[in-house]
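Shown here is one chain on its own, the form predicted on its own, set out as structure tokens.
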Amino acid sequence: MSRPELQAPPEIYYGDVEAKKYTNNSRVQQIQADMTYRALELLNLPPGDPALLLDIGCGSGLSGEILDEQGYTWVGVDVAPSMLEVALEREVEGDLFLQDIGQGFGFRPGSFDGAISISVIQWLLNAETSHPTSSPPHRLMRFFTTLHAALRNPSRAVLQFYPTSDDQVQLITSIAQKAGFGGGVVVDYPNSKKARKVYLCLFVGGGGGAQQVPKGLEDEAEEGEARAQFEKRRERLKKRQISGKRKNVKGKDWILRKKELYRQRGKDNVPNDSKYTGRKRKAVF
């Protein structure tokens, strides 16, 4: 079967039916969760610190649920309206934007503490029209230059993708470097056709190219251990879904950190702290 990105633009390929089919596929959920946990590992954020992350190609919010679980605030962008509709139906906690990443981002400079992307940037390698602005190099340059500007200094972006050739990897990495990023490619399980995954681990500031690119995973035993950890997380998520309840009530410390982060980012109308912070309030009419 032909790869999805070769069949149609993402906003067309992921229509209403395909968006729901993708989201409800247990194998997709498993793979998406595995790669999101790995992306966060490569992002190497300080443990316990609040962070605002950009989820590029957030889709229906499968990766966003992992970000929620890990205690991060996130903003998601995607070009497929049907995917975002499913995300809204699932009541994900991130802020969602309809955005063609090939046209670049419009966020304020230094808005995000990091960015992740799962199975997305290969879509930028296909020209949709003959116009020069639709060419893969042009779209990749707009993507990387505006992403670089949107990230704080220092920070990282970790972008998992599926290249079809070494030439595609070279094109993507060279344009990322021209846009100001340091870093490079991380390949997990390079000798396994099934488990092999490619991540672009990019650095903003903090020494730039002086930072060392993390090593890829090679031991299949590590993969088995990661799978066991995922299954435990998946079982917890399944129990939460069966109960029919979302974890809307957060701890006081978590809420205070999130509110402080919003204030630092200049967000208006952040509620004042009170003795009721962290408690579920009754509606007032």
Partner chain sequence: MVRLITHNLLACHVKGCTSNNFPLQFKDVQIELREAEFNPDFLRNFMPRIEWKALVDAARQLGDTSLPEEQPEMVDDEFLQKLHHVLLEVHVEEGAMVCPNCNHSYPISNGIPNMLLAEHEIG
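Positions refer to the first chain, counted from 1. None of these values were measured; they are calculated from a predicted model.
There is another form of the same protein, the form predicted together with its partner chain; it is not shown, and what comes next is about it.
- Residue-level contacts in the predicted bound form: of Gln103, Ser192, Ser174, Thr164, one residue has a heavy atom within 4.5 Å of its partner chain, and it is Gln103.
- Checking Ala149, Val75, Val185, Leu125 against its partner chain in the predicted bound form, a heavy atom within 4.5 Å turns up for just one residue: Val75.
- In the predicted bound form, every residue of the candidate spot (Leu84, Val92 and Phe112) has a heavy atom lying within 4.5 Å of its partner chain.
- Looking at 196-204, 133-141, 177-185, 116-124, the stretch with residues near its partner chain in the predicted bound form, meaning non-hydrogen atoms within 4.5 angstroms, turns out to be 133-141.
- Contact annotation for Pro50: at least one heavy atom lies within 4.5 Å of its partner chain in the predicted bound form.
- Within 4.5 Å of some heavy atom of its partner chain in the predicted bound form lies at least one heavy atom of Gln99.
- Not displayed here, its partner chain is kept clear of Val169 by more than 4.5 Å at the level of heavy atoms in the predicted bound form.
- Val79 belongs to the set of residues with a heavy atom inside 4.5 Å of its partner chain in the predicted bound form.
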